[in-house]
Ligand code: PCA
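Encoded as structure tokens, the following chain is the form predicted on its own, with no partner shown.
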Amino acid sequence: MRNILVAGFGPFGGEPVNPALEAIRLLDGRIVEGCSIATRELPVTRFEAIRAIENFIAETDPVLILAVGQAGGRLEITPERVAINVDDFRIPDNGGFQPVDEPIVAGAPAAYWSTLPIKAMVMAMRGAGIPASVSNSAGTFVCNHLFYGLMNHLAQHGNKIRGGFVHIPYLPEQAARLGGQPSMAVETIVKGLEVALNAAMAHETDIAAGDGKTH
């Protein structure tokens, strides 16, 4: 049986949990379109995150890759459209790095598009009653760093594997602790990610639909 690699970040920024890691743990071993979901934890550290996902790819030989990260303040599950070649960290990562306006890969393209059918994924999640929208900015922290590094790696290997990134909201316990923040139950996030993966496997190319926000 072939694998789908789903990788999620661990806690950062002083938070004791990361919804990405909590959600993917519940996805591990599930079957989607005849493939087994293999989940792995990503370090929230510049450069180490890219090395980790490259190792995970070699280990699992996946047919499709989805990386998952937390985006505090977002209301919905948001598949990302584009990764940009810049690190501009508002806070230090877990390794203490805080680069400002530095390229992720020197001399590489300014940006890479996701190769997942992001609009089909959004429409499938909405159809399942889960709030979702396309995002046009993955930020400039470790999530975008990893997303760009993943897409650069896949491009260097001929884009034989499709991949992309999705941001998810805080968990309710985080929102309660932080105050005034939107959140989503982990069970809803897990359902959304599973629905999104089914759509990604079912659509080799994306659907034509108007969607997308500036975040």
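Note that the structure is predicted; figures quoted are calculated from it, not measured. From 1 onward, residues are counted along the sequence shown.
Omitted from view is the form predicted together with the named molecule, to which the following refers.
Novice: Picking from 121-129, 134-142, 95-103, 108-116, which part of the chain touches the named molecule in the model of the complex when contact means heavy atoms within 4.5 Å?
Specialist: Answer to the contact question: 134-142.
Novice: With the partner absent here, would L64, R81 and G163 each sit within 4.5 Å of the named molecule in the model of the complex, counting heavy atoms only?
Specialist: Per the other structure, none of L64, R81 and G163 touch the named molecule.
Novice: Just give me the single entry in L171, V44, V190, I57 that has a non-hydrogen atom within 4.5 angstroms of the named molecule in the model of the complex.
Specialist: None of the other options qualify; the answer is V44.
Novice: Just checking whether G69 would be counted as a contact of the named molecule in the model of the complex - the rule being heavy atoms within 4.5 angstroms.
Specialist: G69: contacts the named molecule in the model of the complex.
Novice: Taking the named molecule as it sits in the model of the complex, which residues of 7-38 have a non-hydrogen atom within 4.5 Å of it? Please list them.
Specialist: Those in contact are F9, F12, N18.
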